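You are given structure tokens for the same protein chain in two forms, set apart as structure 1 and structure 2.
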Structure 1
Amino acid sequence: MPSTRDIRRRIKSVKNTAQITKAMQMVASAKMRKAQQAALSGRPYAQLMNEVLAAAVAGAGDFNHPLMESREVRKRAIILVSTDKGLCGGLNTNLLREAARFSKDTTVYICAGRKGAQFVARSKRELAAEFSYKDIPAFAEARAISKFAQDLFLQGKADRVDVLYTNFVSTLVQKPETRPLLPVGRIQKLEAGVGGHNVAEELDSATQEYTFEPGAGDVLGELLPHYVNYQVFQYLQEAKASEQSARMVAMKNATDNAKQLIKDLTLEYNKLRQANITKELLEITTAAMAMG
């Protein structure tokens, strides 16, 4: 039987935990809003990129680029976009369960985020590189990852590159998904903003005829790596928004649980206190009766 002091101590510690989880919940929700806003502010770029792409594709005609070459897949690379920190519910667990499905021998992993890299090391898989990205992903970070993946592909060290990330379906639902990155198949419309980009739309056809300098093919050739970079950038943003909303929900549950626990403990504490008082009273009256 715990003493009243023990229970008091426990209540205090649970209260402290609740305070921390509450604070984390609020931080995560603020960060999530920021991440979503940051993703939206890339919209003009995506729109413009679409226009340029549409015109270049129309102008280039039959076009081939090393990044578009499809080969027999002997080795594949996975860009694994995970989080750096935990405390975000089942997000990483779900993601890494997907990651574990790929064959150990023919897959190399490019990790963004520490949790993924830890998983790869722990399960003795092949880690090609580890990158980090900030709360609001910078384009330079995405470019570094994308550049690395493109080099692997161009050097023939990987015949196919996919991205495994957590798609932001809604604040409550995040789903791990694998999307092909290289070779570039059909060039699709780029979209900015999180909110689960589902099946990508077709590129609108060009509305205007352009002169190209030096030539449409050259411009498209230069454009293609940027197109891939931008896709990686979007995946990072999406993953970050997922992480923050998953953390927000996880921390809200933790706070609610802590509050319930405090309630139960307080009840138990009061019961025990009452029992002690009754016991003491009984002792006094019995003593008084014995004396009298």
Structure 2
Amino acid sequence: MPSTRDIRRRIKSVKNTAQITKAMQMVASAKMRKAQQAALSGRPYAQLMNEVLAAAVAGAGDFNHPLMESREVRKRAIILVSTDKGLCGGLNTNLLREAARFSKDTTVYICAGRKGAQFVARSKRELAAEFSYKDIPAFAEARAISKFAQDLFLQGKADRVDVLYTNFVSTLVQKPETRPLLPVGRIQKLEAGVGGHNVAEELDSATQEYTFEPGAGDVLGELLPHYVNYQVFQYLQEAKASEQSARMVAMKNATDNAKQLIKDLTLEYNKLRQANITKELLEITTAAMAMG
């Protein structure tokens, strides 16, 4: 049975832990608001760009581009967007569980985030490259990841490129999802659904005719890589908003659990202290009665 000194030490230790988790909760809360705002503000631009590009491709006739080349999938590249740090609940666990479902033999990984790279190395899968990105992702960081994936596809080292990331639904809900990136097939219109879900609806062939200057190939040849780059950029923002939200909730739960543990330990300490006092009183009374 623990002594009162042991319980006091444990209470002090838990209080110190609660202070740390509370501070981490406040930091994550501040970062969460910025990350959520960045992710939500990027969605209208992504949706509008998809609509414009869909209409332009449909009106360009028999336009073709190397990024749109469909071929038999013998090798698949996965852009795995994870976190650099832990302490964010089950976010990485759920994400890496999805990553483990892809075949080791036919899948190569492009990791954005240290946790994803550690998973690939631990499970002895093929790692093509590892990238890092900031708490507020920069477009240059997304462009570097996208450029590497495009080079793999254009060189024939990957026949398909998908993005596995955590989609931000709400502060309490983050969902791992796999989205196709390359080849760029029929451009899809992204409509913001309930809770931030993106529902993809394929556009029908446009009835309008467009005139391109200097030409459809030149215009769309510049627009398609930017489209792919921005898709990766938006996925990074969604993943970072999910990370900060999950970390804030995890630290809040840890702080609440620490406070409850302190209450339980304090109650146990008071009971033990009262039992010791009662025992001492009984010993004194018994000794006094024995002395007559």
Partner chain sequence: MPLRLEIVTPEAKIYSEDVDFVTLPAVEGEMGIFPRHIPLMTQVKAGEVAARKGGQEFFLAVGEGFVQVTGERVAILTDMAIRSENIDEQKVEEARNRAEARLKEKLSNDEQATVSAALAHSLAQLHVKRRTRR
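Heads up, when I say rigid core I mean the largest set of C-alphas that superpose within 1.5 Å between the two forms. Predicted, not measured: the structure shown is a model, and the values here were computed from it. When a residue number appears, read it as a position in the sequence of structure 1, where counting begins at 1.
*Asks:* These are two forms of one chain. I'd like to know which is the form predicted alone.
*Replies:* Of the two forms shown, it is structure 2 that corresponds to the form predicted alone, while structure 1 does not.
*Asks:* Superposing on the rigid core, is the Cα displacement of residue 37 between structure 1 and structure 2 2 Å or more?
*Replies:* After core superposition, the displacement of the residue 37 C-alpha between structure 1 and structure 2 reaches the 2 Å mark, so yes.
*Asks:* For residue 20, state whether the C-alpha moves by 2 Å or more between structure 1 and structure 2 after rigid core superposition.
*Replies:* No, the C-alpha position differs by under 2 Å between structure 1 and structure 2.
*Asks:* What is the C-alpha shift for residue 286 between structure 1 and structure 2, rigid core superposed, to one decimal in Å?
*Replies:* Residue 286 is displaced by 2.7 Å at its C-alpha.
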